[in-house]
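Encoded as structure tokens, the following chain is the form predicted alone, with no partner shown.
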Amino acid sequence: MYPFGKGLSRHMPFLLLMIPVALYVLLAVGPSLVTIVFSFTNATGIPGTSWQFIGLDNYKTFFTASNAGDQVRAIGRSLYFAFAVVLIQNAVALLIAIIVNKRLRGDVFYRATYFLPVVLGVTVSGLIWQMMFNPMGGPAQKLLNVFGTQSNFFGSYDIAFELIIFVQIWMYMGYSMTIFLAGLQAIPKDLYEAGYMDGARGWSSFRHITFPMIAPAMTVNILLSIIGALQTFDIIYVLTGGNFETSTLAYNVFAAAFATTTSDFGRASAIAMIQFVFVFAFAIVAMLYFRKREVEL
């Protein structure tokens, strides 16, 4: 109980705290529980239609249906997507953060420019890169014409998925850069001066001072990258609509629930639960590993 004030005012902080708690339960916990329940039903999401509990049928269908191979390939693409995004996005973001952390003329402009894709939104970013990779005379196609070749880009089975990975990294690299930049600016200058006196310069300074000090920022970035990459479906929908071997587990959730006229909320909820297990498992393993690395460094 709040020790100050009298009467109702003593309970006011707890009453105010109940508002965000109620909103969280209503908007986050509630839909999550509904998803779990729906995964054991044949709910279609169509108003007026009835639904029944069907046990584990949606989960069995996921692994044994005639298109089970497509689901397995979607899981493989999800893991490939997450691995490429986590590795490349954080490596590029760290490099740019180190560069813009130096006292360069116009460094604020560079930071804003690198962060700009984060605020553009998925649809705008998708339209930009659809125009850039337009096979009917886009800038990328004109560049290929110089070398006497051509490509369908987002309409190609060979490179469409890699181009989506590239766009995803371009969209969120600025976010990772900002976290790295905050970690770099929190490093005391005294450490570099002491390291310089001991002969630490260049790579040695980065290896023994910078990298251990930004380890918490690295952990946060990798966790956010894993969770974000495994949940990505929107940029896939905008760029290819899941065609040309670009669908992932997250996209299949959207496709089962909304992308066709025969919405299957039960199957979509079951796929969402399987996706949740993947995201949760990878996030926990990554967090435990990188927390251990932080202690060792």
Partner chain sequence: MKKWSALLLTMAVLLVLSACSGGNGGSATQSPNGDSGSKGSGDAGKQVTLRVLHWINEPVNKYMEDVFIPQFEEKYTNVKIDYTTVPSDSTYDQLMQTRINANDADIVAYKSSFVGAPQEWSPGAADPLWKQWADAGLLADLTEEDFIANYNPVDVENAMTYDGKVYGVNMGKVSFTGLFYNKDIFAQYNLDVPTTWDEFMVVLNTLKDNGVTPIGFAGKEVWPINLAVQGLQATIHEDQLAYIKGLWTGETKFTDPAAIEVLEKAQIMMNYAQNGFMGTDYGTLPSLFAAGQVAMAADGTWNAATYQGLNPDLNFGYFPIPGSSNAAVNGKLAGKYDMTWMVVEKSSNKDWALTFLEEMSSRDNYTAFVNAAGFLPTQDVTVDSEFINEIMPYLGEFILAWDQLAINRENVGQYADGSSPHAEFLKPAGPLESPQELADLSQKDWDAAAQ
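Predicted model only: the values in this text are computed from it and were never measured. Residue numbers count along the first chain shown, from 1.
The form predicted in complex with its partner chain is left out here; the points below concern that form.
In terms of contact with its partner chain in the predicted complex, the residue from Gln130, Thr113, Thr123, Ser204 that brings a heavy atom within 4.5 Å is Gln130. For the residues Gly195, Gly76, Pro135, Pro212, the 4.5 Å heavy atom test against its partner chain in the predicted complex is passed only by Pro135. Contact annotation for Phe258: at least one heavy atom lies within 4.5 Å of its partner chain in the predicted complex. Although the partner is absent from this view, Tyr157 contacts its partner chain in the predicted complex, with a non-hydrogen atom inside 4.5 angstroms. Its partner chain is not drawn, but in the predicted complex it has no heavy atom within 4.5 Å of Val277. Although the partner is absent from this view, Gln52 stays clear of its partner chain in the predicted complex, with no non-hydrogen atom inside 4.5 angstroms. Only one segment in the set 89-97, 184-192, 68-76, 222-230 has any non-hydrogen atom within 4.5 angstroms of its partner chain in the predicted complex, and it is 68-76. Annotated contacts: Gly30, Asn101 and Tyr172 are all free of its partner chain in the predicted complex [non-hydrogen atom within 4.5 angstroms]. Residues from 103-122 do not approach its partner chain in the predicted complex: none has a non-hydrogen atom within 4.5 Å of it.
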